[in-house]
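Take a look at this single chain, the form predicted on its own, given in structure tokens.
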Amino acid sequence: MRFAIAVLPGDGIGPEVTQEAVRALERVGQRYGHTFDLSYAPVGGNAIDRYGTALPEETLQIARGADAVLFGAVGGPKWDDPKATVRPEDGILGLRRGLGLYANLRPVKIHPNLMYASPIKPQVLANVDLVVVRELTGGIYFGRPKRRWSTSRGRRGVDTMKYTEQEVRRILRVGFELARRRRKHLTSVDKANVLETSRLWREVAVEVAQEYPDVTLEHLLVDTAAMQLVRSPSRFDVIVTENLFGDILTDEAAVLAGSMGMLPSASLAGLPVGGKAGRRPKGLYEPIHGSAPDIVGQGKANPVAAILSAAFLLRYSLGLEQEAQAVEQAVDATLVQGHRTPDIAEEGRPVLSTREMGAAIIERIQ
């Protein structure tokens, strides 16, 4: 089979880890007889430097024309001026909006050989296997008005948290559908004791739950959910929440795995329907870590999250389940055999570079 993939490496370590994910896809192509036509395009800070915008129109069109998008990371100190009118993060936000990607899936599953890498006690990490479903195109990141201004009494700023019933309903359905395929437990996270948007969220969650009588629904306030994620993470199956809360909770959940370099993500326009012959959603796939400018070019970046994101790409947008499992099994085998990058290595033990870790995984793709 032949597929078109848009590759947007971005900034910082984005190009380094994305290169290993591309090599993994190429290995899959060799093993399974597929062809991946790769189109590279700028995004983020490097796009600002070249074009004055974080998301050039040509990049957006390449992404729209592809079967899936493989994304690296954006941002860095060079573009951190709080007064800047254009920021690298505008690139990823624009892609999500431009491609209609409203559901972000971030799984957290603890590898038994890496429990030592987490600051959380091993007995707390036992049996952790959860997915956070984060709404991507609404909430405070996109609400209007959003501005800063000065008055005679000082500087002011406003951001608006806004949701429609339709936005809430569709992301909840993704959460319920995913829970139905897993352990049939959905935790809806909000701040209904304070926020009107959360009260709307909770009302709609109750209504949507009636369509899924086989799934147990519970409500948690976001502060309680944050505490439970580090205190009793194994209690969670699927967590669904709005944009800002999901952004924060998923970074917190990365602590469970010991490193952000271990966790992939998929941003989708809904879940796949009906297997290989069914509808495949457009998707953007990226590691959850940032651009890590402090280690750029040093070979210290962990490519596991990027490679696992490529596995998600194979599964969700291309319908290649066997191939996705082959990549995931290669990652597991590499970790079982003790290969480590600096972020997950025990003190005093040998470590591999980004390229070496990628190579170790890729040679195990069968």
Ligand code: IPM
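Predicted, not measured: the structure shown is a model, and the values here were computed from it. Residues carry their position along the shown sequence, with the first being 1.
There is another form of the same protein, the form predicted in complex with the named molecule; it is not shown, and what comes next is about it.
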item	value
The named molecule in the model of the complex: contacting segment from 147-155, 167-175, 93-101, 190-198, heavy atom within 4.5 Å	93-101
Contacting member of 237, 252, 159, 89, with respect to the named molecule in the model of the complex [4.5 Å, heavy atom]	89
Non-hydrogen atom within 4.5 angstroms of the named molecule in the model of the complex for each of 134, 141 and 247	yes
